[in-house]
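The chain below stands alone, shown as structure tokens; this is the form predicted on its own.
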């Protein structure tokens, strides 16, 4: 199948297409939930289960996808995820009962969690060093494009209330993804890891980049030879030198959700109706938020390899925390708004838009770029599985606690709480995250090994001194 030798742009497009399905299936439920009660009786608990089914499936999918990607390869796992996407979408569209619908959402979640892990992994490993940030950011661009597509589909089908078609349309791009990946190559790094260096050489020849394929393969091989453990979970547990990188990966993944992004993605229409917007006005305002999300992600793709990862993360913290502080204070101090012209209603819309713009230009794409960058090759899939599991776990926690927190405390204090978590995210970046711009994955890993070696030598030098005392 790989004899067609696809071009770099084709590889990057199909490699990132799984993100579109991720985004669509995440965003479409906000509109479908308005009309599912026409077919099934939904208690608040069951309605939550329809949403949470995908999140729980994504947690499990991410947990297993890492080890599977290390064993069978990145490309094959994307193809498996496409098949699961298709089956889950069709099952959801034709679900005869709400229990089947929840099961279908869980199945879709397995594919979403797998895609959330393997798509950025595939893109990071196949992209040239000098444009790796830009290429890996295509995943986030596809995610936000999928969310926007879901918002548009929801608006178009709102008059017909056809929630089944809303959910079922996800099957179309998943079939395209499966067909396209039949002709895409495996990543050179995984091929070298699997002992298929000739195939890796052929793939590198077809990809853009300044470094000769032979030198790239030699660099990958040298780093692998210096690794102290095998792959998989057992290798990750034994390799103490990997733990600082795993801490960074998990921290970035969890803080990406703890800053409160999905309180906006899932609940923006609800938030807007609570401050005086009519339902139709809230839907169209949500479309504006979706457009901003895509536009600022495109901005991030252009800037990430120029400005670097850490400056963007710091800028994102400043923008998000500022938006949440203004939003929280205004909703706490101003009278409850009753129509869109009230000051608190206007401030709410502006703050939601600036928060989305700040996140989309920074933490949205940068985290997915950095996760595979900071993790070593032999345990990259497994370690990313842990990080992405944490990401979906944090997503589930934020999504399920937001409505009861708003009901119990009011929206103002809740948004101020997310501002506090944003400040913690900035401190985490300052003290734990290193810049990865312009450095190959092998260079980053070699620095990690050297740092671990220096730590061991200091420990061994201190031990005799302690014994002599």
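Residue numbers count along the first chain shown, from 1. This structure is a prediction, so every number in the text was calculated from the model and none was measured.
Note that the form predicted together with a small molecule isn't included here; everything after this is about it.
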Of 90 to 98, 172 to 180, 324 to 332, 141 to 149, the segment with heavy atoms within 4.5 Å of the small molecule in the predicted bound form is residues 141 to 149
Residue within 4.5 Å of the small molecule in the predicted bound form by heavy atom, from 187, 293, 382, 286, is 293
As a check of understanding, the residue in 265, 250, 317, 79 with any heavy atom within 4.5 Å of the small molecule in the predicted bound form should be identified as 265
>> Does any part of residue 254 reach within 4.5 Å of the small molecule in the predicted bound form? Heavy atoms only, please.
In response: no
In the predicted bound form, does residue 22 have a heavy atom within 4.5 Å of the small molecule?
-> yes
Discussion item. Using a 4.5 angstroms cut-off on non-hydrogen atoms, would residue 364 count as touching the small molecule in the predicted bound form?
Written reply: yes
- Message: Would you classify residue 110 as touching the small molecule in the predicted bound form, given a 4.5 Å non-hydrogen atom cut-off?
- Response: no
